[in-house]
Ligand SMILES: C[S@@+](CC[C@H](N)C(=O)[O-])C[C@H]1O[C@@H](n2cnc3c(N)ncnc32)[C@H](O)[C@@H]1O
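Quick heads-up: it's one chain on its own, the form predicted on its own, in structure tokens.
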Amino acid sequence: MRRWRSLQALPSYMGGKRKLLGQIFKHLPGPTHSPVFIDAFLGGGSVSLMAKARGYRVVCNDIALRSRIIGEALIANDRVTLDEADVLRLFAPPSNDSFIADHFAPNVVPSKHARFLDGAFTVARSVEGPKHWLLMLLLVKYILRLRPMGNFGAKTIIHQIEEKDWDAMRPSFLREIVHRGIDAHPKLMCEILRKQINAGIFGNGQVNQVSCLDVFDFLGQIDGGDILYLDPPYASTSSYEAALNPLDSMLAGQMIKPEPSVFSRRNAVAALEHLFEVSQRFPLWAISYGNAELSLDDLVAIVRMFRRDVHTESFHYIHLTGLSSAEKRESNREFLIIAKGEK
């Protein structure tokens, strides 16, 4: 089915909602009854892309540039694709920019790939319109493809790739390197990613929109909507701003100091209460949340301050198996709350 094939266009290891899409949407009215789907925290884009595939008019938002790239390339865009010539443009003579090579090779990306990325970003930034966002998305996926499970903290594996020290490498990593084409010419990886991205581009008869705003500013500007999906960063978990800081810096072309979201910090209850308070005019909420700090009962108690009809589900769910401790794998839970009816 196209709606599931389209998910391969998304960057790996961002968002973590792909396996829960069926659970989320089975509780929501269809687009005939509730046509406008608001996604206030776009993140990795899977929920918005599925909502688009189901026929909703999607209005999505995220303050992060990495998420805006996904939204502009796959949610707002409904017809422009990448062809082989677009990929070949990325291999124009290298530019004088060496930001990635200077700051991220060989600890974050191998030197060969860093040199390619410096030139490719120069080209992508010079392109206008949807193809700018599509090329930027390809480069996001390219960078994440170089990293073991999207983990930017691991250095040993990158050094082994740099030095072609195959004998010292774990067999599982070596298989992945061959499968992903990491040791081949960058064009091989780009062609694989181009085809993946094109699989996620389609129209749904709607004008879908993307914003890149603070969530409170975004919600204050929305005129109306039928379903509001809220997937804020989870309290007491590693912030995306810290975990993905190398990626964010490469996208910006300069070193960025990570500023964790107010939702990521301990005691984020006040931020959640404010979020729900400014969301009261939306008739139906779908909320995703994890159990690092708040229990399901804790979260329901906050939601019930604003909604009288609350349905809950809890799932044993591991976002990144390879990066989680055994204890985390056992204890991780994902909460889903469907709430309607103002108090």
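Definition used throughout: the rigid core is the maximal C-alpha set that superposes within 1.5 Å between two forms. Numbering starts at 1 and follows the sequence shown. Here the structure is a predicted model, which means the values were calculated and not measured.
Keep in mind that the form predicted together with the named molecule is missing from the display, and what follows is about it.
Visitor: Using a 4.5 angstroms cut-off on non-hydrogen atoms, would residue 66 count as touching the named molecule in the predicted bound form?
Guide: Yes - in the predicted bound form, heavy atoms of residue 66 and the named molecule come within 4.5 Å of each other.
Visitor: With a cut-off of 4.5 Å between heavy atoms, is residue 261 one of the residues that contacts the named molecule in the predicted bound form?
Guide: Residue 261 belongs to the contact set for the named molecule.
Visitor: Using heavy atoms and a 4.5 Å limit, would one call residue 215 a contact residue for the named molecule in the predicted bound form?
Guide: Although the named molecule is absent here, residue 215 would touch it in the predicted bound form, with heavy atoms inside 4.5 Å.
Visitor: If you check in the predicted bound form, is residue 240 within 4.5 Å of the named molecule, heavy atoms only?
Guide: Residue 240 belongs to the contact set for the named molecule.
Visitor: Partner absent here, but in the predicted bound form, which of 40-48, 290-298, 27-35, 307-315 has residues with a heavy atom within 4.5 Å of the named molecule?
Guide: Only one stretch qualifies here: 40-48.
Visitor: Could you work out which of 232, 200, 186, 119 is the residue within 4.5 angstroms of the named molecule in the predicted bound form, going by heavy atoms?
Guide: Flagged contact: 232.
Visitor: Please state whether residue 14 has a C-alpha shift of 2 Å or more between the shown form and the other one, with the rigid core used for the fit.
Guide: Moves: yes, 2 Å or greater.
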